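Shown below, as C-alpha cells, is a lone chain in the form predicted on its own; questions about how it binds or moves come after it.
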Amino acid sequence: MDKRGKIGVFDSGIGGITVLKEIIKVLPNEDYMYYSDSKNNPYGDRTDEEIKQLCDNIVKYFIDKDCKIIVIACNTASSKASDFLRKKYPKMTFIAIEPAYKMVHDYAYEKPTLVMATKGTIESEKFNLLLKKYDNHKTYLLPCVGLADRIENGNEEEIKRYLNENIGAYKGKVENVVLGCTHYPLIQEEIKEVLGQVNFFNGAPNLAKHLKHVLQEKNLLNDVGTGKIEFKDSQKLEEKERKFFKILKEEL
C-alpha cells in the first residue's frame, strides 16, 4: 500500500460525515474519498445479504481508486458486513464504527441509558454481544425506524415531530444517550430539546484515534498530503454533494 493513497469512508448516506469530521481533526493531511450510497439508503431496512452486497460493491470501487484503508462509517454496515469484508479482502484494512456502548460502561455506568440506533443495528449479533458484555441493566433500546432517512432528507419539522413522538417518553428517565447511527449526531441539539440535559456517547472520536494508530503502525501515515476530499454519491446527485460540503464546513 502507498501512504499517499486515499482513505475511503462510506455510509448509506451523508451521516458518515460525523465520522469523517473527527478523522480530519486528527489526520488533516490525509486525502479522502467519501462514498454516500443514497440510492440504497437506509441500510437498516435491508436484509443482511443485501447489506453485504452493497458494501462489497463500494469496497471494490475504493480498491479500484487505490484507497489504502477503508472506514465503514455506518453502524448497520459495520454490524452486518465488517466480518464478511475482512474475510473477503484480507489485504485491505477496515476500520468499523460501532455504537459507543462500552463508553457508558467506562464513564457513566450507573446512569440510565437510551441507545438510539437503526433496527438492523439493535437486532445484530455484534451489538447484542456488546450489550451482553457491558450491560448496566438500566438500558433502553430504541430502534429508530425512519429517523436516518428523515435526517438525510433534512426536513426539520418532520425530525422534531418524530423525536417528540418516539423519544419524548424517555424525558427524565435517562441521563445517557448512545447515538448508534452516524446520522444522529447531526441532530444532537434537537434530541436535547426533547430529553433535556443528557450525556451523548458517540464512537467517532475513538475511531479517529484508532485509525491514526493503525496508519502509524502500518507505516501508511501521510504527513505531506493536501487534505483533499472527493465525494461520490450512488445517485450522482449534485444537491447531495453541495449539502455534504456545507455540513462538513459547519461541523469543522
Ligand code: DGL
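One rule holds for the numbers: they count along the sequence shown, beginning at 1. A quick note: this is a predicted structure, and the numbers were derived from the prediction, not measured.
The form predicted in complex with ligand DGL exists for this protein as well; it is not shown, and the discussion that follows is about that form.
In the predicted bound form, Ser36 stays away from ligand DGL, with no heavy atom inside 4.5 Å. Using a 4.5 angstroms threshold between heavy atoms, Asn41 counts as touching ligand DGL in the predicted bound form. Listed stretches are 156-164, 133-141, 72-80, 103-111; the contact stretch with ligand DGL in the predicted bound form is 72-80, by a heavy atom cutoff of 4.5 Å. Counting a residue when any of its non-hydrogen atoms is within 4.5 Å of ligand DGL in the predicted bound form, the hits in 11-25 run Asp11, Ser12.
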